[in-house]
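In structure tokens, one chain follows: the form predicted on its own.
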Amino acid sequence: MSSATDRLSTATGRIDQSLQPLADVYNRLFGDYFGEMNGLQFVLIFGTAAALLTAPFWGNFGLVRAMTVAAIWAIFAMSWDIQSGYTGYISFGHSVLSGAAGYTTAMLIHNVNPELSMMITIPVSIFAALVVGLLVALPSLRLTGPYFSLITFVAVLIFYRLIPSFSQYTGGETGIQSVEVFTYAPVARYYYMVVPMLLIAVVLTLIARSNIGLILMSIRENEAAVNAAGINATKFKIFSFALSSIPMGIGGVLLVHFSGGVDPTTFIVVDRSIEMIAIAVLGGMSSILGPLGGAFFLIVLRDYILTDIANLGSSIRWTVFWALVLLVLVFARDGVFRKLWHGLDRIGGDRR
């Protein structure tokens, strides 16, 4: 066993050394902004990016569709992570934010003007998600402990109950199914989702690696010490929630234009928030890229491998989904992709 481990370490060490010059160039140019990496980590990040950008040319429609959906859920999970993963304030209400954006788009088209341009509906919908985010954050983030999580959970219940109460505008339980999709062409639709996802990943990673991210993590570790240092922790918590609301709004807009409509089950119910949390936990909280990896792993597994290849029923697919999350919570609490990242750091040798 030890000899096999030694051989693996030798082989990966050689790969790392051969790729290190490229990693060094990256580290000199971008290391201060996004973090330094060794050769193995470099090939993981840029190899994954290349795979994502070329996925439609692999010739598998079912896989491409699953990856298209995964890109949307990656946006949701990364958005949740920049708030809850970094501050430690666990939100069960993020589905309200994506729902606010999705319903704003659908209601504008259904109730105002069916010909309304996306140039109007998209920014208005993202702004609506930001407003709803602030309405949730301002009262709740002044609280600590489970009270914050409880308020976000109640926000989902309130939003869900308001939908049938205003069914003439929201479509009630059946929702509104008259939203124009971006395109029905699988390749174009894939890039409509993946390109914004990659841009959001870059921006959120940059923020997470900045002094703002350091303050958010300090709040998670010791909020009292942050306040004692003269930093208003509450303002930064509200900022993180508002920041999280913007990509959540973008994800909500992408989802409504992907599916062609909205309904409370797809957008609002607390199950959607819990799925975001599960994806972030599996990938690795407080890492941004971990939730991105978790989204593609879980969604492709559920919607392609277990559905198209294994041909399993819905109940079995969801059982496998939650069983994997449970296993990660028990055996890899830092997340699968965080473990992979730190493992590559250990076996790849020292950075130059």
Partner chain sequence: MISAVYALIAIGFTMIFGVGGVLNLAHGALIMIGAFTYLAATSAAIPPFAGFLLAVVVTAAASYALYAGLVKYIEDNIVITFLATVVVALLLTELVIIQFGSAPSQLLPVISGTIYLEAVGTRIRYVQLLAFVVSWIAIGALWYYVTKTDEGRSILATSMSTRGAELTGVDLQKVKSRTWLIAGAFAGIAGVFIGTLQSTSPQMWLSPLALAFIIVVIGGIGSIKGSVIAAYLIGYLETASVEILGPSFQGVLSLVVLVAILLLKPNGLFGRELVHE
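Numbering follows the first chain given and starts at 1. Quick caveat: nothing in here was measured; it's all calculated off a predicted structure.
As for the form predicted in complex with its partner chain, it is not shown, yet the points below apply to it.
Only one of 307, 319, 60, 48 lies close to its partner chain in the predicted bound form, with a heavy atom inside 4.5 Å, and it is 319.
The partner is absent here; in the predicted bound form, the one residue of 258, 190, 73, 89 having a heavy atom within 4.5 Å of its partner chain is 89.
Put simply, residue 147 is close to its partner chain in the predicted bound form: some heavy atom of it is within 4.5 Å. The closest non-hydrogen atom of residue 154 lies within 4.5 Å of its partner chain in the predicted bound form. Its partner chain is not drawn, but in the predicted bound form it has no heavy atom within 4.5 Å of residue 54. Proximity of residue 329 to its partner chain in the predicted bound form: non-hydrogen atoms within 4.5 Å are present. Comparing 169 to 177, 156 to 164, 121 to 129, 249 to 257 against its partner chain in the predicted bound form, the single stretch with non-hydrogen atoms within 4.5 angstroms of it is 156 to 164. For the three marked residues, 139, 143 and 325, a heavy atom of each sits within 4.5 Å of its partner chain in the predicted bound form. In the predicted bound form, 274, 277, 278, 281, 285 are the residues of 272 to 301 with at least one heavy atom within 4.5 Å of its partner chain, listed from first to last.
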